[in-house]
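The chain below stands alone and is given as structure tokens, in the form predicted alone.
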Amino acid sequence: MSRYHPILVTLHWLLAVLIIGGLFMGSNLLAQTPNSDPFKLIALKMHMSIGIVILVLMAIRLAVRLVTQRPAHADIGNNLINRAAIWGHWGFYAGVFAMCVSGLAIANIAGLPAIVFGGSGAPLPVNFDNIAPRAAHGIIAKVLILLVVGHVFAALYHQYIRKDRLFARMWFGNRNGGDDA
């Protein structure tokens, strides 16, 4: 087995775009927009919708990963780095699920579903600072950003320094070998 299942490949790249977009949106756009700005409702609707889609797709991805065959873990010749890579991948799953759960908790405590999606007409809270899961959401965001940066650097290291074609494993093509990518 030389490649991941095509569903995992598709979900990997789709989730990469959604997660990076959600992190960027939350860390920049939402963080910089006061809750009194009418645009904040539009931005929150987009951010929350993306978060829900991420949660559903991550659950599907985890289920597919658990039931499909996959390539053996990459062996870089260093047991500590090999284990760190495995834990880093599982860290993505844990971090993304924790991010989604903390986001849902913030939304429910602040009454956002009715405000953002239900058109209740109620204003947003002055801020979200006094909502306990908000701190966790911010910390998890920073951890996920570090995981993304580490993941990208590791992929570039494999592709351009080790030249071991590890990148091809997470691309489309013949799963049993071949150079059709």
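One rule holds for the numbers: they count along the sequence shown, beginning at 1. Just so you know, these numbers come straight off a predicted model, no measurement behind them.
Beyond the structure shown, there is the form predicted in complex with a small molecule, which is absent from this document and is the topic of what follows.
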Practice problem: Answer yes if any heavy atom of residue 115 is within 4.5 Å of a heavy atom of the small molecule in the predicted complex; otherwise answer no. | Solution: no
Quiz item: Is residue 150 one of the residues lying within 4.5 Å of the small molecule in the predicted complex, judged by heavy atom distances?
Solution: no
Quiz item: Does residue 12 reach the small molecule in the predicted complex if we count a contact as any heavy atom within 4.5 Å?
Solution: yes
Quiz item: Can residue 104 be called a contact residue for the small molecule in the predicted complex at 4.5 Å between heavy atoms?
Solution: yes
